[in-house]
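Encoded as structure tokens, the following chain is the form predicted alone, with no partner shown.
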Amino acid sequence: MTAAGIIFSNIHDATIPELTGRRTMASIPFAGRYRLIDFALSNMVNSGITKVGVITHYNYQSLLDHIGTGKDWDLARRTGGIKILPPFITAYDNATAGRVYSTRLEALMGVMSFIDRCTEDVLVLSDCDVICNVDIANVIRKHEASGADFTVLTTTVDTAEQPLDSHAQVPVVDENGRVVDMAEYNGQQGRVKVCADIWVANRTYIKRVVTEAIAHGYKSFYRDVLIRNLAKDKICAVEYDGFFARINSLASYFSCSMRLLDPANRVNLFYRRNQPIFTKVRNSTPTRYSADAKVVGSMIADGCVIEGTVENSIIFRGVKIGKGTVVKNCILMQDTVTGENVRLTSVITDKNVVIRDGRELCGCESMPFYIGKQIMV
């Protein structure tokens, strides 16, 4: 089966307004050198998908800067490649006098022209708030073998490690792998099977259900398409058992990032089955450590200058840690600069933040202290 991809870049922006005020969910920095869209793009590229449409909404300039021509994902192609699908040129947007989509289903309505031009057998749909390394080619093979119209990727989450919100979908799957029921998460604790918000569907099926949704005024992808059609259409599930994280708040962004300080989680995510996670290449100098620098249990990107102490933290490209400064359990994004004798604990700094000498800032794991982009403290 041939496949094309569609990525929803903005669907979950409202869940983490601190980081999406000036960017999309897809372009949120993560793990020192990546953006969240890198995981969705890499999953598709590693599975041989060479045509990908990225549906945008607003605030997508940083996303365009990151993706560029798509060459870092081998998607700079004459045929296929990566396509940015802005909302203001879509048929759905024009039909509603400038109204922009708010759900996945409305987003699909807006890119029907892209779907119509696709000749691939199946479409792979993916959100950008999930972090995983999935062998989508294997999911497509199982989708074809089962004869399903629509296949949902599921995973089992430990709520003690990864809290779920009420928007998480909990499927009921029978012994044949068919989804027989689905409902929103009800607060159950322990290990819970949830939808990973990655789907494989026959292209003709997507065209049919979206056309029906337009005719009936449907809005919700899960409620009005999947749940409504469980009885008459064949909707199956495939289980994913690797590293999985969902970003649904600033606290979850912090906790998901801290999980990567465990080497086992890093291997499971970045080196799973020899499927690398690709990102935009930035030619930077190696990180320089002074004679007094001390780094323990941290991830340090290239281009940094470390003159102080860094413990259990994630340091992005181009960050400078001044002399006598102590950084613990923090996430410092690109080009953050700290002065001398600074104390930071459970702090998230956005890009280009400056923290002057002698400052002491402290948050906690459930409520990290966040400093916005280009702010001087």
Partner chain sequence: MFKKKECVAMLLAGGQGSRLYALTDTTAKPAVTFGGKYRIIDFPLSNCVHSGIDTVGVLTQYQPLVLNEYIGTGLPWDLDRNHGGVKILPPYQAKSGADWYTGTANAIYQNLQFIERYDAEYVLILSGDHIYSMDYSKMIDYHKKTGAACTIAVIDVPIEEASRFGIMSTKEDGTIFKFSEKPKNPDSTKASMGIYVFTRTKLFDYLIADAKDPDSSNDFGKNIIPTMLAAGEKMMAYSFEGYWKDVGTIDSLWEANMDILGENPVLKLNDSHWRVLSRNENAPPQYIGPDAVIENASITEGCEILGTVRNSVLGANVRVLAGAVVEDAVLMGDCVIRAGARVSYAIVDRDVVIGENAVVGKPRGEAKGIAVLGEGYEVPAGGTVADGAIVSAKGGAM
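Residue numbers count along the first chain shown, from 1. Values in this document were obtained by computation on a predicted structure and should not be read as measured data.
Only in words, not in the display: the form predicted together with the partner chain, which the text now covers.
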| query | finding |
| --- | --- |
| 84, 216 and 242 all contacting the partner chain in the predicted bound form, non-hydrogen atom within 4.5 Å | no |
| Heavy atom within 4.5 Å of the partner chain in the predicted bound form - residue from 220, 156, 290, 188 | 290 |
| Interface residue in the predicted bound form among 299, 115, 170, 230, criterion: non-hydrogen atom within 4.5 angstroms of the partner chain | 299 |
| Partner contact for residue 80 in the predicted bound form: the partner chain, 4.5 angstroms, heavy atom | no |
| Exercise: residue 307 in contact with the partner chain in the predicted bound form, heavy atom 4.5 Å | yes |
| Residue 281 within 4.5 Å of the partner chain in the predicted bound form, heavy atoms | yes |
| 4.5 Å heavy atom contact, residue 194 and the partner chain in the predicted bound form | no |
| Residue stretch of 123-131, 144-152, 263-271, 175-183 approaching the partner chain in the predicted bound form, non-hydrogen atom distance within 4.5 Å | 263-271 |
| Heavy atom contacts to the partner chain in the predicted bound form at 4.5 Å, residues of 45-75 in sequence order | 71 |
